[in-house]
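The chain below stands alone and is given as structure tokens, in the form predicted on its own.
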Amino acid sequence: MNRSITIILLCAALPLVGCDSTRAPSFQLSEQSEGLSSFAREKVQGELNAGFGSPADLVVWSELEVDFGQYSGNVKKVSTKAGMLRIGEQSDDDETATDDKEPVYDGLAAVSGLASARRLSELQGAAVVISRAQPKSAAEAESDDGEESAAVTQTPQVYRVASYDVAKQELHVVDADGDPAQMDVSAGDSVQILGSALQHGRNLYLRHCMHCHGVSGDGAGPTAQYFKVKPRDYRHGIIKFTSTKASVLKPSNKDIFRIIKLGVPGTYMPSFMLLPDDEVKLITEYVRWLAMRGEMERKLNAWLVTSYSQEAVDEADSASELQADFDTEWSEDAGDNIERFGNDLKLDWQDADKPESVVNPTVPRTPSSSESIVRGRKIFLSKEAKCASCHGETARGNGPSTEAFNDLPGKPPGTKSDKPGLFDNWGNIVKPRNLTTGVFRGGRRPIDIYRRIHSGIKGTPMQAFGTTLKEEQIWDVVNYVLSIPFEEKQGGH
């Protein structure tokens, strides 16, 4: 399948204006991409540009599970005046609503969760898509064997918002060169404005998050060098603390929102409680989008790295023949693979937001009592749960696993680390939580700790016990864990 057809028919990829600065930030390729041959790396870069754009020139790939921010309306009256659309109903006796004036539209309505009438004055750079519907010609109607004539939808026209005057309800539209758009529009055509939420999320992310997490979401922002533990790299598509089941690969939208809003206690990740919820939602969506971009890059790498790495080029008898093989495989398989990768991303992120994906106990919490706490401690020390192997018998995070050569998360079973300790999917050495401090990074509510035990911590050696422990047992462990910081005062168990 041709990539350009995929963009037009499946992805509806639309560029969005960002900033004009020559020093605008850029997305960086991952280390895995840098290990590809130059010709494979060039294709990966091209596909990422086509599907996601750059920080200054974003792209709407509508197949992704992202709320890009969408407004819609319909053409009511048409004129030949270039570059201006009037939004809103006007009465028949309004002198400005004549055929030699600007087009008149129905009110521009917010049709997605992150679109807001309060931000109508901030649409600059968003995509304006005009879909023109025309009746079939007489010849086309006759070819339908007498069936009722249907509309023929032509390829949408795509422009950009230059500005929107809320008081005058005037939308100024420009073409790709920044000139007033010469639009071919008719009464009944539909108008959509797409991408404003992604732009607002980007702006907020660059202001509040980029300095730690980096422009690309790789955890390599300018202040990251001062941290002992690198900030989260979103490009894996993994968030450690989620409310979702162990089998669900992605965090829910609410999980990311909560982490941004509340922060991660005991780490450099601060709380953004002072930001309005609507701004946190916009950052959340942009973080999800960055994660999807990173995942697409990883999927492309996984497809190409075995046969078309730089190492493969160096070892090949003929580099030119290897590149010819690549060109053939790319032309034959790239379209279908990219479509499949995009669909996989969509389904995975959709799955995380399904109500049935959230861990919600069917058994009410067991009241905390000395009996429950004792039962929880026995489970904590048992061979079945093996909590002490990591957290230690005194729950100080010093179990024997911290000194062993362990399997690496995210790697094939049996892939051991080259040095003792526990590691996460990002390659960081991690120390099990010292439960005596009472600091719980994923939240200290009983339900938060229940979910950590039930589903583990994604991307880390903290495994899930939802299939090995009964719900009542998990609640007992929750009660024990919450009691640990007070053990010395209570005389221990």
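In this text, all values refer to a predicted model and were calculated from it rather than measured experimentally. Start at 1 with the first residue shown and count on from there.
Unshown form predicted in complex with a small molecule; subsequent notes refer to it.
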Just to be sure I understand the contacts: of Q45, Q32, N425, Q463, which is the one whose heavy atoms reach within 4.5 angstroms of the small molecule in the predicted bound form?
Q463
Contact assignment for the small molecule in the predicted bound form, among L36, V59, I457, V66, heavy atom within 4.5 Å:
I457
Which one of these stretches, 203-211, 319-327, 292-300, 346-354, sits within 4.5 Å of the small molecule in the predicted bound form when only heavy atoms are counted?
203-211
Heavy atom to heavy atom, is T394 within 4.5 Å of the small molecule in the predicted bound form?
no
Give a yes/no on whether K281 approaches the small molecule to within 4.5 Å in the predicted bound form, heavy atoms considered.
no
Would R451 show up as a contact with the small molecule in the predicted bound form if we use heavy atoms at 4.5 Å?
no
Does the small molecule come within 4.5 Å of any heavy atom of S186 in the predicted bound form?
no
Thinking of Y268, S389 and P432 as the candidate spot, does the small molecule come within 4.5 Å of a heavy atom on all of them in the predicted bound form?
yes
